[in-house]
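Each of two forms of one protein chain follows alone as C-alpha coordinates, named structure 1 and structure 2.
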Structure 1
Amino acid sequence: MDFLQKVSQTATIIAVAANALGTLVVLALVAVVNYDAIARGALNRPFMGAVEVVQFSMVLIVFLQLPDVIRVNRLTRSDGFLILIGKRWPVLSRVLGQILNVIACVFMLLVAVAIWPEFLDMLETRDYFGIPGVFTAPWWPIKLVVFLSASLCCLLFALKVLAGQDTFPTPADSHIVD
(Lines of atoms letter the chains of each structure in order from A and count residues from 1; the text may use other names and numbers.)
(Lines give C-alpha, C1' and ligand atoms only; values in the text may rest on other atoms or scores of the structure.)
Protein backbone atom coordinates (compact mmCIF):
# COMPACT_ATOMS: atom_id res chain seq x y z
CA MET A 1 0.00 0.00 0.00
CA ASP A 2 2.97 2.28 0.57
CA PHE A 3 3.83 2.09 -3.14
CA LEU A 4 0.30 3.10 -4.13
CA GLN A 5 0.43 6.04 -1.74
CA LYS A 6 3.68 7.27 -3.28
CA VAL A 7 2.29 6.89 -6.79
CA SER A 8 -0.88 8.69 -5.70
CA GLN A 9 1.10 11.53 -4.12
CA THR A 10 3.24 11.91 -7.23
CA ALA A 11 0.16 11.86 -9.48
CA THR A 12 -1.45 14.47 -7.23
CA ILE A 13 1.57 16.78 -7.45
CA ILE A 14 1.68 16.44 -11.24
CA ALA A 15 -2.10 17.00 -11.57
CA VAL A 16 -2.00 20.12 -9.39
CA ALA A 17 1.01 21.48 -11.30
CA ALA A 18 -0.70 20.82 -14.64
CA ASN A 19 -3.83 22.57 -13.36
CA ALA A 20 -1.73 25.59 -12.35
CA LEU A 21 -0.09 25.61 -15.77
CA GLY A 22 -3.55 25.44 -17.36
CA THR A 23 -4.56 28.46 -15.30
CA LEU A 24 -1.51 30.35 -16.61
CA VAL A 25 -2.59 29.44 -20.14
CA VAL A 26 -6.02 30.92 -19.35
CA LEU A 27 -4.37 34.14 -18.19
CA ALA A 28 -2.21 34.25 -21.33
CA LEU A 29 -5.31 33.67 -23.44
CA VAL A 30 -7.07 36.57 -21.72
CA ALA A 31 -4.05 38.78 -22.47
CA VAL A 32 -4.02 37.74 -26.14
CA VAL A 33 -7.75 38.33 -26.59
CA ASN A 34 -7.60 41.71 -24.83
CA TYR A 35 -4.58 42.75 -26.87
CA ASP A 36 -6.35 41.71 -30.07
CA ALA A 37 -9.51 43.62 -29.12
CA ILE A 38 -7.62 46.80 -28.22
CA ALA A 39 -5.26 46.60 -31.20
CA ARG A 40 -8.17 45.89 -33.55
CA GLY A 41 -10.39 48.67 -32.19
CA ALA A 42 -7.95 51.43 -31.32
CA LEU A 43 -5.12 50.87 -33.78
CA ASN A 44 -6.88 48.99 -36.59
CA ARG A 45 -4.04 46.41 -36.34
CA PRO A 46 -5.48 43.09 -35.11
CA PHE A 47 -3.26 40.36 -33.77
CA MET A 48 -2.76 38.05 -36.72
CA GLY A 49 -3.26 34.51 -35.51
CA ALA A 50 -5.55 35.28 -32.60
CA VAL A 51 -7.98 32.58 -33.74
CA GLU A 52 -5.20 30.00 -33.95
CA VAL A 53 -3.87 30.96 -30.52
CA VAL A 54 -7.37 30.61 -29.05
CA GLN A 55 -7.80 27.16 -30.64
CA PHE A 56 -4.38 26.03 -29.44
CA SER A 57 -5.00 27.40 -25.95
CA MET A 58 -8.42 25.81 -25.52
CA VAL A 59 -7.04 22.32 -26.08
CA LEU A 60 -4.14 23.03 -23.72
CA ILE A 61 -6.47 24.37 -21.01
CA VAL A 62 -8.83 21.39 -21.14
CA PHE A 63 -6.14 18.73 -21.11
CA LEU A 64 -3.90 20.47 -18.57
CA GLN A 65 -6.74 20.85 -16.08
CA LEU A 66 -8.55 17.54 -16.66
CA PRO A 67 -6.36 15.36 -14.37
CA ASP A 68 -6.87 17.63 -11.37
CA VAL A 69 -10.59 17.79 -12.03
CA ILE A 70 -10.66 13.98 -11.95
CA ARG A 71 -8.48 13.92 -8.85
CA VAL A 72 -10.88 16.13 -6.86
CA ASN A 73 -13.99 14.38 -8.19
CA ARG A 74 -15.38 17.40 -10.00
CA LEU A 75 -15.67 15.85 -13.45
CA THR A 76 -18.91 17.01 -15.02
CA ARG A 77 -21.24 14.05 -15.25
CA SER A 78 -24.68 12.96 -14.29
CA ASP A 79 -24.44 10.91 -11.15
CA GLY A 80 -27.93 11.65 -9.86
CA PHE A 81 -28.91 8.02 -10.39
CA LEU A 82 -26.01 6.79 -8.26
CA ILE A 83 -26.81 9.30 -5.54
CA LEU A 84 -30.45 8.24 -5.62
CA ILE A 85 -29.73 4.51 -5.37
CA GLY A 86 -26.91 5.20 -2.91
CA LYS A 87 -29.47 6.20 -0.29
CA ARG A 88 -31.12 2.81 -0.45
CA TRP A 89 -28.36 0.54 -1.81
CA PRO A 90 -24.99 2.15 -1.02
CA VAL A 91 -22.96 -0.94 -1.95
CA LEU A 92 -24.59 -1.13 -5.39
CA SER A 93 -23.92 2.56 -5.89
CA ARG A 94 -20.23 2.12 -5.01
CA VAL A 95 -19.88 -0.92 -7.27
CA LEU A 96 -21.48 0.93 -10.20
CA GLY A 97 -19.21 3.91 -9.47
CA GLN A 98 -16.16 1.67 -9.59
CA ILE A 99 -17.36 0.11 -12.85
CA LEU A 100 -17.62 3.61 -14.29
CA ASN A 101 -14.09 4.34 -13.05
CA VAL A 102 -12.80 1.23 -14.81
CA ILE A 103 -14.57 2.27 -18.03
CA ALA A 104 -13.14 5.79 -17.74
CA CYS A 105 -9.67 4.34 -17.11
CA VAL A 106 -9.91 2.18 -20.23
CA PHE A 107 -11.21 5.13 -22.26
CA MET A 108 -8.32 7.34 -21.17
CA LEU A 109 -5.89 4.52 -21.95
CA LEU A 110 -7.38 4.26 -25.45
CA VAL A 111 -7.00 8.03 -25.93
CA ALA A 112 -3.35 7.85 -24.86
CA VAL A 113 -2.63 4.85 -27.10
CA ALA A 114 -4.36 6.50 -30.06
CA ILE A 115 -2.62 9.88 -29.71
CA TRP A 116 0.94 8.55 -29.20
CA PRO A 117 1.56 7.65 -32.87
CA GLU A 118 0.10 11.01 -33.89
CA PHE A 119 2.52 12.76 -31.54
CA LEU A 120 5.48 10.85 -32.98
CA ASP A 121 4.34 11.63 -36.53
CA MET A 122 3.90 15.34 -35.81
CA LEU A 123 7.27 15.49 -34.05
CA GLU A 124 8.99 13.82 -37.00
CA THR A 125 7.25 15.71 -39.82
CA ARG A 126 7.24 19.09 -38.05
CA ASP A 127 3.63 19.49 -39.21
CA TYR A 128 1.94 22.72 -38.14
CA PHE A 129 -1.45 24.37 -38.06
CA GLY A 130 -2.40 27.90 -38.95
CA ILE A 131 -1.98 30.06 -42.01
CA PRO A 132 1.52 30.17 -43.52
CA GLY A 133 2.81 33.72 -43.57
CA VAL A 134 0.30 34.83 -40.95
CA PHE A 135 0.63 32.52 -37.95
CA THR A 136 1.73 28.90 -37.60
CA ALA A 137 2.47 26.65 -34.65
CA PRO A 138 3.61 23.04 -34.45
CA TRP A 139 1.07 20.33 -33.65
CA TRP A 140 3.35 18.17 -31.54
CA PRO A 141 3.04 20.13 -28.25
CA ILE A 142 -0.74 19.70 -28.33
CA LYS A 143 -0.44 15.98 -29.08
CA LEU A 144 2.09 15.58 -26.26
CA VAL A 145 -0.15 17.36 -23.75
CA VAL A 146 -3.13 15.22 -24.77
CA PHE A 147 -1.03 12.05 -24.41
CA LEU A 148 0.39 13.01 -21.01
CA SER A 149 -2.99 14.18 -19.73
CA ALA A 150 -4.81 11.05 -20.89
CA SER A 151 -2.07 8.90 -19.34
CA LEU A 152 -2.32 10.73 -16.02
CA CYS A 153 -6.13 10.55 -16.10
CA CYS A 154 -5.88 6.80 -16.73
CA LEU A 155 -3.55 6.46 -13.75
CA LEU A 156 -5.85 8.52 -11.53
CA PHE A 157 -8.90 6.43 -12.43
CA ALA A 158 -6.86 3.25 -11.84
CA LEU A 159 -5.76 4.53 -8.44
CA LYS A 160 -9.38 5.27 -7.54
CA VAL A 161 -10.32 1.71 -8.46
CA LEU A 162 -7.38 0.15 -6.61
CA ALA A 163 -8.02 2.27 -3.51
CA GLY A 164 -11.74 1.47 -3.65
CA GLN A 165 -12.63 5.13 -3.45
CA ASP A 166 -16.22 6.22 -3.82
CA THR A 167 -15.77 8.91 -6.44
CA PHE A 168 -19.37 10.01 -6.55
CA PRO A 169 -20.51 12.69 -4.14
CA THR A 170 -23.07 11.83 -1.53
CA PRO A 171 -26.06 14.16 -1.14
CA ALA A 172 -24.26 15.81 1.80
CA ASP A 173 -21.20 16.44 -0.41
CA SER A 174 -23.14 17.89 -3.31
CA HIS A 175 -22.64 21.50 -2.21
CA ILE A 176 -19.99 23.57 -3.97
CA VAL A 177 -16.82 24.16 -1.99
CA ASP A 178 -14.80 27.29 -2.81
Structure 2
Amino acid sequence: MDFLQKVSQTATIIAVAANALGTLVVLALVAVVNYDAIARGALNRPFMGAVEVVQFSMVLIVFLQLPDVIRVNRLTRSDGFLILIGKRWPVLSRVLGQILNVIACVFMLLVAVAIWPEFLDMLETRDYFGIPGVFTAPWWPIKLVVFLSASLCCLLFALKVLAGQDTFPTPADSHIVD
Protein backbone atom coordinates (compact mmCIF):
# COMPACT_ATOMS: atom_id res chain seq x y z
CA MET A 1 0.00 0.00 0.00
CA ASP A 2 2.94 2.24 0.76
CA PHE A 3 4.34 1.86 -2.73
CA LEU A 4 0.92 2.57 -4.19
CA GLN A 5 0.70 5.78 -2.19
CA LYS A 6 4.08 6.90 -3.44
CA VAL A 7 3.12 6.27 -7.06
CA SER A 8 -0.14 8.03 -6.48
CA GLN A 9 1.58 11.04 -4.96
CA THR A 10 4.10 11.27 -7.79
CA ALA A 11 1.37 10.96 -10.41
CA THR A 12 -0.58 13.70 -8.66
CA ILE A 13 2.40 16.01 -8.60
CA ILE A 14 3.14 15.47 -12.28
CA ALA A 15 -0.51 15.96 -13.23
CA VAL A 16 -0.75 19.19 -11.23
CA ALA A 17 2.51 20.49 -12.68
CA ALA A 18 1.46 19.67 -16.24
CA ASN A 19 -1.83 21.36 -15.53
CA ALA A 20 -0.09 24.55 -14.38
CA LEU A 21 2.06 24.48 -17.50
CA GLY A 22 -1.01 24.04 -19.70
CA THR A 23 -2.60 26.95 -17.89
CA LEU A 24 0.28 29.17 -18.90
CA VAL A 25 -0.22 28.06 -22.49
CA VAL A 26 -3.78 29.47 -22.32
CA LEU A 27 -2.27 32.80 -21.41
CA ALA A 28 0.29 32.50 -24.21
CA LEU A 29 -2.53 31.78 -26.65
CA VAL A 30 -4.31 35.02 -25.71
CA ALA A 31 -1.01 36.86 -26.12
CA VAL A 32 -0.02 35.37 -29.48
CA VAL A 33 -3.37 35.92 -31.20
CA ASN A 34 -3.57 39.50 -29.95
CA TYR A 35 0.03 40.18 -30.92
CA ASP A 36 -0.57 38.89 -34.44
CA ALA A 37 -3.74 40.97 -34.90
CA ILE A 38 -2.10 44.14 -33.60
CA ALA A 39 1.20 43.63 -35.41
CA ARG A 40 -0.64 43.05 -38.66
CA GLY A 41 -3.12 45.87 -38.34
CA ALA A 42 -0.96 48.57 -36.78
CA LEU A 43 2.60 47.69 -37.69
CA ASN A 44 2.14 45.97 -41.05
CA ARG A 45 4.14 43.06 -39.69
CA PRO A 46 1.93 40.01 -39.19
CA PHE A 47 3.40 37.11 -37.25
CA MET A 48 3.66 34.47 -39.96
CA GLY A 49 3.66 31.55 -37.56
CA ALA A 50 0.45 32.48 -35.74
CA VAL A 51 -1.54 29.60 -37.23
CA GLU A 52 1.05 26.94 -36.35
CA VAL A 53 1.64 28.35 -32.87
CA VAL A 54 -2.10 28.37 -32.16
CA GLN A 55 -2.44 24.77 -33.39
CA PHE A 56 0.52 23.77 -31.29
CA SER A 57 -0.87 25.44 -28.18
CA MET A 58 -4.22 23.70 -28.60
CA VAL A 59 -2.50 20.32 -28.40
CA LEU A 60 -0.49 21.49 -25.40
CA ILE A 61 -3.55 22.82 -23.56
CA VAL A 62 -5.58 19.68 -24.13
CA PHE A 63 -2.94 17.09 -23.39
CA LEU A 64 -1.14 18.91 -20.58
CA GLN A 65 -4.42 19.40 -18.74
CA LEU A 66 -6.14 16.11 -19.51
CA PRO A 67 -4.41 14.12 -16.73
CA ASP A 68 -5.51 16.66 -14.13
CA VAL A 69 -9.05 16.66 -15.50
CA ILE A 70 -9.05 12.89 -14.98
CA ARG A 71 -7.40 13.18 -11.58
CA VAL A 72 -10.15 15.45 -10.22
CA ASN A 73 -12.81 13.38 -11.98
CA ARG A 74 -14.03 16.12 -14.27
CA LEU A 75 -13.93 14.11 -17.47
CA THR A 76 -17.43 14.33 -18.93
CA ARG A 77 -19.63 11.52 -17.63
CA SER A 78 -23.18 10.91 -16.57
CA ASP A 79 -23.01 9.17 -13.20
CA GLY A 80 -26.69 9.37 -12.26
CA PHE A 81 -27.19 5.62 -12.58
CA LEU A 82 -24.10 4.83 -10.49
CA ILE A 83 -25.31 7.13 -7.71
CA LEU A 84 -28.82 5.72 -7.94
CA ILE A 85 -27.80 2.09 -7.51
CA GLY A 86 -25.18 3.16 -4.98
CA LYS A 87 -27.97 4.01 -2.56
CA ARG A 88 -29.37 0.49 -2.52
CA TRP A 89 -26.44 -1.65 -3.59
CA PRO A 90 -23.27 0.21 -2.70
CA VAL A 91 -21.00 -2.76 -3.47
CA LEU A 92 -22.50 -3.28 -6.92
CA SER A 93 -22.12 0.40 -7.67
CA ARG A 94 -18.47 0.36 -6.59
CA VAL A 95 -17.65 -2.74 -8.62
CA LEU A 96 -19.33 -1.25 -11.67
CA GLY A 97 -17.38 1.97 -11.16
CA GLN A 98 -14.15 -0.03 -11.03
CA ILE A 99 -14.99 -1.87 -14.24
CA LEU A 100 -15.67 1.44 -16.00
CA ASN A 101 -12.30 2.75 -14.81
CA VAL A 102 -10.60 -0.38 -16.17
CA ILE A 103 -12.20 0.27 -19.56
CA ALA A 104 -10.96 3.87 -19.47
CA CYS A 105 -7.49 2.67 -18.49
CA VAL A 106 -7.40 0.27 -21.45
CA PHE A 107 -8.48 2.99 -23.85
CA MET A 108 -5.74 5.38 -22.72
CA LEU A 109 -3.25 2.52 -22.99
CA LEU A 110 -4.35 1.94 -26.59
CA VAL A 111 -3.83 5.63 -27.32
CA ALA A 112 -0.34 5.58 -25.83
CA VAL A 113 0.59 2.42 -27.73
CA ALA A 114 -0.79 3.83 -30.98
CA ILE A 115 1.06 7.13 -30.73
CA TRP A 116 4.51 5.87 -29.63
CA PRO A 117 5.70 4.54 -33.04
CA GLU A 118 4.36 7.73 -34.59
CA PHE A 119 6.58 9.73 -32.23
CA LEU A 120 9.65 7.66 -33.13
CA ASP A 121 8.86 8.03 -36.81
CA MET A 122 8.47 11.80 -36.60
CA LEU A 123 11.64 12.11 -34.55
CA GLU A 124 13.55 10.27 -37.23
CA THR A 125 12.03 11.88 -40.33
CA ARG A 126 11.81 15.38 -38.79
CA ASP A 127 8.42 15.83 -40.40
CA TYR A 128 6.97 19.29 -39.97
CA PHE A 129 3.75 21.18 -40.56
CA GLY A 130 3.42 24.69 -41.94
CA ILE A 131 4.83 26.25 -45.09
CA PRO A 132 8.52 25.85 -45.88
CA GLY A 133 10.22 29.23 -46.07
CA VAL A 134 7.33 30.90 -44.23
CA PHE A 135 6.96 29.09 -40.91
CA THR A 136 7.30 25.45 -39.96
CA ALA A 137 7.11 23.51 -36.72
CA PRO A 138 8.18 19.91 -36.08
CA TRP A 139 5.61 17.21 -35.34
CA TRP A 140 7.59 15.14 -32.87
CA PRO A 141 7.06 17.31 -29.76
CA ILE A 142 3.31 17.08 -30.31
CA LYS A 143 3.40 13.31 -30.55
CA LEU A 144 5.61 13.16 -27.47
CA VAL A 145 3.22 15.30 -25.41
CA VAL A 146 0.28 13.13 -26.51
CA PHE A 147 2.19 9.97 -25.63
CA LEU A 148 3.24 11.18 -22.19
CA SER A 149 -0.24 12.52 -21.48
CA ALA A 150 -1.96 9.31 -22.50
CA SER A 151 0.46 7.26 -20.41
CA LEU A 152 -0.18 9.41 -17.35
CA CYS A 153 -3.96 9.22 -17.91
CA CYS A 154 -3.66 5.45 -18.16
CA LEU A 155 -1.73 5.37 -14.88
CA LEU A 156 -4.28 7.64 -13.17
CA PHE A 157 -7.18 5.39 -14.19
CA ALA A 158 -5.21 2.37 -12.98
CA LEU A 159 -4.65 4.11 -9.64
CA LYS A 160 -8.37 4.87 -9.40
CA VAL A 161 -9.06 1.18 -9.79
CA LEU A 162 -6.44 0.16 -7.24
CA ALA A 163 -7.38 2.84 -4.72
CA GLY A 164 -11.08 2.22 -5.25
CA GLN A 165 -12.01 5.90 -5.54
CA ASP A 166 -12.63 8.34 -8.37
CA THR A 167 -10.83 11.41 -7.08
CA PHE A 168 -7.42 11.96 -5.60
CA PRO A 169 -7.01 13.85 -2.37
CA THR A 170 -6.22 17.46 -3.24
CA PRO A 171 -8.40 20.49 -2.76
CA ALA A 172 -10.44 20.69 -5.94
CA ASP A 173 -14.17 20.64 -6.53
CA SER A 174 -15.63 18.60 -9.29
CA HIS A 175 -18.59 18.99 -11.53
CA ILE A 176 -19.41 18.11 -15.06
CA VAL A 177 -18.31 20.41 -17.81
CA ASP A 178 -20.99 21.88 -20.01
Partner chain sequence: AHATETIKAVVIDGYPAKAMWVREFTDFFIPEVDKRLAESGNFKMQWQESYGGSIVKPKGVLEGIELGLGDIGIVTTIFHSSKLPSQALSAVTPFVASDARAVARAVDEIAKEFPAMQREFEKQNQVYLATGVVLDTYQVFSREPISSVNDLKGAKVAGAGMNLRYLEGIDGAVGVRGGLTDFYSMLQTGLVDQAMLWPEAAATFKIAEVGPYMLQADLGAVNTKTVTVNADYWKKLPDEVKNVMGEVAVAYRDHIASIAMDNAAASRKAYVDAGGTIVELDEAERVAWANAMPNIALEWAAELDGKGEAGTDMLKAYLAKLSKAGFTPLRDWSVK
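Each form is matched to the other, and the largest set of C-alpha atoms that superpose within 1.5 Å is called the rigid core. Please read these numbers as outputs of a predicted model, since none were measured by experiment. Numbers given to residues start at 1 and step along the sequence of structure 1.
Q: Between the two chains shown, which is the form predicted alone?
A: Looking at both, the form predicted alone is number 1.
Q: C-alpha of residue 105: shift of 2 angstroms or more between structure 1 and structure 2, rigid core aligned?
A: No, because once the rigid core is superposed, the C-alpha of residue 105 moves less than 2 Å between structure 1 and structure 2.
Q: Superpose on the rigid core, then tell me if the C-alpha of residue 85 is displaced by 2 angstroms or more between structure 1 and structure 2.
A: Residue 85 C-alpha, core-superposed: shift of 2 Å or more.
Q: Once the two forms are fit on the core, has residue 95 moved its CA by at least 2 Å between structure 1 and structure 2?
A: For residue 95, whose C-alpha is compared between structure 1 and structure 2 after core superposition, the shift is 2 Å or more.
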